[in-house]
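Okay, here we've got a single chain as structure tokens, the form predicted alone, with questions on binding and movement later.
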């Protein structure tokens, strides 16, 4: 029998997590409830987060955008703030699952699940996001790139709760692109995802961040490709070179969704599409 806790305040939730055998936090449940069905022995107790209103909401203040971890994919998709300043994230949220999943699933759950195919992770990495973790002992912040260790594994301690995600308000000249390829348009796990955030001026790249999902044990950056493009005019020859470079930076596997060779090829194709859309 699974024991259920329903804290009304963040402090109460953190006290529960500080216990010797802390409950598993449950947000939207779109991933966790599937695990619970398949492996019920893993979860002796759950802590529902739906009453913790302080974990929801999207705010722009002091030059940063802050998103509560319980904020749903639908709220991110429809947010006027994100659609204006970080459309790469809104675009990714709009392609997650079905309407029902977007109404239930949360940004915090998408991150904590630590899947290399988590849709929101590439755009968050491209935006230079910082994660805010809190326990009864205090808070700590960690760049999202340093959060993931392996599929399903992260640096979060059992007594910690992901409470917020924040990043600097992008410059008005910046552009972001999110692209993904799956076996069908919706309600399918991606074969490859790619997010780009860049400042391109008069056809030349001032700076660029490239994040790629489902091609390695965790979502990755493409530093060699970024360095190649930095400060250069985006010519057809440079784009072709970038495609080959990014293919060498990924290390996909063959599984039931796709082959490693196909994922490697498509990574270059998606990068080309992203760069051309920036122009």
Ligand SMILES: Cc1cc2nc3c(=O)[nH]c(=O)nc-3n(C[C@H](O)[C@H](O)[C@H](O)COP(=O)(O)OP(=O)(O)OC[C@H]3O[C@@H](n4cnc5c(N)ncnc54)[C@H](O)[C@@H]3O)c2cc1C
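Here the structure is a predicted model, which is why all the values come from computation and not from measurement. Residue numbers count along the first chain shown, from 1.
The next section is about a form of this same protein that is not shown, the form predicted together with this ligand.
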For this ligand in the predicted complex, the stretch among 200-208, 67-75, 167-175, 138-146 with residues bearing a heavy atom within 4.5 Å is 67-75
112, 156 and 162 all contacting this ligand in the predicted complex, non-hydrogen atom within 4.5 Å: yes
At the 4.5 Å heavy atom threshold, is residue 246 in contact with this ligand in the predicted complex? no
Give a yes/no on whether residue 258 approaches this ligand to within 4.5 Å in the predicted complex, heavy atoms considered. no
With heavy atoms only and a cut-off of 4.5 Å, decide whether residue 28 touches this ligand in the predicted complex. yes
Applying a 4.5 Å heavy atom distance criterion, does residue 32 contact this ligand in the predicted complex? yes
Along 190-221, which positions have a non-hydrogen atom within 4.5 Å of this ligand in the predicted complex? none
